[in-house]
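As structure tokens, one chain now follows by itself in the form predicted on its own.
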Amino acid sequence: MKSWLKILGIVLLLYVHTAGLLMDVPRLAILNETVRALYFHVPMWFGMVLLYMLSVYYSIHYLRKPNPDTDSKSVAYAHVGTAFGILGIITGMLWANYTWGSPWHGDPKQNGAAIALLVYLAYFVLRGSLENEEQRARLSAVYNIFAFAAMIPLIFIIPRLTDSMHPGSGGNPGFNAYDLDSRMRLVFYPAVIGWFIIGLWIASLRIRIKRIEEKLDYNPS
């Protein structure tokens, strides 16, 4: 990963944390100051989906042309994507606690996100249960594709079809329909880009560590 991209990610997140906590935000009913959580909660989900997309891409690539390095990339992106998903749920629970009155309301989008993460956690359980490397890589690649296909309706489709307290779901307007002025967009979009870059950086480190471990196993001396 290019050094300038790492620096860009760090600079963007420094800006997001500073501006996100100090800049003025619209005084929306119920949300008030908690709307600042938008800068951290939603970008986590954006990052999770993008990282899962990369993971699925490398899973498909592995099935077409098996290569241990491709499998390592798929696993690394899935790991970081899942970490982002867990952070997304935690930040969402904190936000919900101050706006809905409790961390977990059984909202369709909350439940869908939790189920989607459980599906991906099962992906890692599957990998850990198989000893044969080729079989593990092949079966987990197939499972990864189905996990991603299951995540899309759980997070983006089903909540829109049922009653939900989330913006953009169950008939509620999305954030674009709210009075989110340009000040918030100046922080929100850099947050999405910054978190995604950091996710790529972490994944690249995991990939490099895996390559080093494989070299050490191949040349123990």
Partner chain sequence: MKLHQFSGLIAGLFFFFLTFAPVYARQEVEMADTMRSEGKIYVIVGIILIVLIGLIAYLYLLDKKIKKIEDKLK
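Fair warning: this is a prediction, and the values are worked out from it, not measured in the lab. Residue numbers count along the first chain shown, from 1.
Form predicted in complex with its partner chain: not shown, discussed below.
Interface residue remark: residue 13 is counted as part of the site for its partner chain in the model of the complex, having a heavy atom within 4.5 Å. Residue 216 belongs to the set of residues with a heavy atom inside 4.5 Å of its partner chain in the model of the complex.
By the criterion of a heavy atom within 4.5 Å, residue 198 is counted among the residues contacting its partner chain in the model of the complex. Using a 4.5 Å cutoff between non-hydrogen atoms, residue 25 does not count as a contact of its partner chain in the model of the complex. Using a 4.5 Å cut-off on any heavy atom, the residues of 190-211 that reach its partner chain in the model of the complex are, in sequence order, 195, 198, 201, 202, 205, 208, 209.
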